[in-house]
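Shown below, as structure tokens, is a lone chain in the form predicted on its own; questions about how it binds or moves come after it.
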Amino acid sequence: MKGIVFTELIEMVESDLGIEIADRMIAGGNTQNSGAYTAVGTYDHAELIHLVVALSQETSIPVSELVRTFGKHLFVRFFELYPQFFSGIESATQFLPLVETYIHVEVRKLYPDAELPSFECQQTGEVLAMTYRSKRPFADLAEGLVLACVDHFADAIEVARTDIGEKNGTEATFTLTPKTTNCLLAETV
């Protein structure tokens, strides 16, 4: 797993919860390199899991919620760091299919050793189904990224997650459905 994921996790925790919590997360994670990551390095994904579990123990926030929150943070940071990927895109349903066919292609040019998850998209009318598959159990992270994408484009879309496969977080389908007028009215009341 690329180091940028680790550096962003530590930066998010420092920013949102403070340096002391970040330090305790790193100490509690008992990782191989004691939290010393570089953005371009490659590290075992299990270290990220250890860090998040330690953070969960420090904050009493469930691991899945922390990972989804981190996914939302990562989307915002990706937008800040790589605005070229968002140029000319007006909705989440336009952007998300590009993750596999464009963004991952560009990432592999920069980092040929990157082990990326796969995202398969199927558009049926106005409904987009995006299936995440990975060797690593980060469907919660993917969910956070998808939710942040919808928020970023301010789309009136509902996101439903269905765990598939062995239901261990390595496979999930996210179904993006336009909200109906009734849902929009209910939100404004």
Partner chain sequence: MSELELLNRRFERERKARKEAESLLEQKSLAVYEANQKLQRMADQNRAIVETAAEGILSYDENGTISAFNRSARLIFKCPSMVGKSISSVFAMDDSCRAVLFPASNVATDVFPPGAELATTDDTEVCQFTLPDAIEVAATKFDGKPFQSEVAVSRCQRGDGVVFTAVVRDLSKRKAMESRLRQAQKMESVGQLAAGIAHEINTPIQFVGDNIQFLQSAFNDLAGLIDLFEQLEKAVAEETPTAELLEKIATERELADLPFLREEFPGAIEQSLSGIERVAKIVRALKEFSQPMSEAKTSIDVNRSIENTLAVTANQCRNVGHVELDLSADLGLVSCLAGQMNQVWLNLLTNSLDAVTEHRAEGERHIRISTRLVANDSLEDEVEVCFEDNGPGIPAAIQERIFEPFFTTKEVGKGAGQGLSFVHDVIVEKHGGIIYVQSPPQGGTRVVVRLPIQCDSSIQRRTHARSAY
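Residue numbers count along the first chain shown, from 1. Note that this is a predicted model, so its numbers are computed, not measured.
Missing here is the form predicted together with its partner chain; even so, the following discussion is about that form.
Of the candidates A46, A27, A160, A154, A27 is the one whose heavy atoms come within 4.5 Å of its partner chain in the model of the complex; the others do not. Contact annotation: of the candidates Y37, F138, F70, Y132, the single residue with a non-hydrogen atom within 4.5 angstroms of its partner chain in the model of the complex is Y37.
Highlighted residues E100, E120 and T124: none comes within 4.5 Å of its partner chain in the model of the complex, counting any heavy atom.
At a distance threshold of 4.5 angstroms between non-hydrogen atoms, L81 is out of contact with its partner chain in the model of the complex. Using a 4.5 angstroms limit between non-hydrogen atoms, E20 touches its partner chain in the model of the complex.
Looking at A114, you'd find every heavy atom of it more than 4.5 angstroms from its partner chain in the model of the complex. Within 4.5 angstroms of its partner chain in the model of the complex, the stretch 93-111 places a non-hydrogen atom from L110 alone.
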